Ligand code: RUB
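One chain follows as structure tokens, the form predicted on its own.
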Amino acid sequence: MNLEETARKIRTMEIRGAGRIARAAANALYVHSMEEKTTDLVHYRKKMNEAADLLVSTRPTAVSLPNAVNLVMRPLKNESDFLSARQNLEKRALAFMKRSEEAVSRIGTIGARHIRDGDVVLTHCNSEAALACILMAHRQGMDIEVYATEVRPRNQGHITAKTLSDAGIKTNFIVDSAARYFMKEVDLCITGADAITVNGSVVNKIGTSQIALAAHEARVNFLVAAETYKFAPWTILGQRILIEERSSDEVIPAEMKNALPNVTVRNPTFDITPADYVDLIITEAGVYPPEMAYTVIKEQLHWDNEDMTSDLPYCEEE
């Protein structure tokens, strides 16, 4: 796919899931660099920065997207030779894609250690990382059962349920609002994350915070599986993550909306789960309590306050 097609598919959620989005963005930058005809460094840098801005603008909440773009793009501003600039950027893009794929596998191995034989696990949305933990536990011979939510209005839970069923895992498919009702039958909750703030709060698919609250009330452990590049460095300075709202057409058809002139349909894609409701965050670098999110940002993403420069391709406001 070229740059414009990738951006369109990310925006319309044909490409969805924070890890998949990040890899698609890195690949788009790689392809765009390969297709760029110029041999002038200034022009090349301008074109690549424009490409980065386009990609980052597509999904404002998924921190994996700007983090992936930053990891590929940041060193470009210090390059002094066109050929090396292009080669290095393409190497970084390929390296990120490989790192992302390996991270999911590593998270699955680590996360499976936190699932016991006989556990009933509840998961929400369609997270590669969360599913990796469950699938690995199953491959290791554990007898587990899963509750998978529907995930309205885009129904990502249908993908999760099929993945689990295809793997031979006993799965209960439930509507989102039934999560609290079934929590009494659950031993463990595992979800993914689209972003994690410096204080350990987790931004994930709408409905996650309600599940976390129900788990907290029922004293059921709530684990988050997420690659380290989903941590949000900019929250160190108190910047907030934009919670994306999507079209009302995803919720009700246009003809119904026209018949309800006094009704406003609100369709937030994500919500924020407070760190107090998160027991552990499973990453490819290890397992952390939410209070150690700053450590992940500093040691794994190599960020500190001095890196918070205004020219980064990431803008957040709530």
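Residue numbers run from 1 along the displayed sequence. Note that the structure is a prediction, hence the values are computed from the model and not measured.
One more form of this protein should be noted, the form predicted together with the ligand, which is absent from this view; the next part is about it.
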Based on heavy atom distances of 4.5 Å or less, which listed stretch (175-183, 142-150, 204-212, 73-81) is in contact with the ligand in the predicted complex? 204-212
Check each of Ala232, Leu164, Ala129, Leu122 and return the one that places a heavy atom within 4.5 angstroms of the ligand in the predicted complex. Ala129
Leu301: touches the ligand in the predicted complex, heavy atom cutoff 4.5 angstroms: no
Is Ile134 part of the interface with the ligand in the predicted complex - any heavy atom within 4.5 Å? no
Does any heavy atom of Ser33 come within 4.5 Å of a heavy atom of the ligand in the predicted complex? no
Test of understanding: in the predicted complex, would Thr228 fall inside 4.5 Å of the ligand by heavy atoms? no
Go through 177-198 residue by residue and record those having a heavy atom within 4.5 Å of the ligand in the predicted complex; state none if no residue qualifies. Gly192, Ala193, Asp194
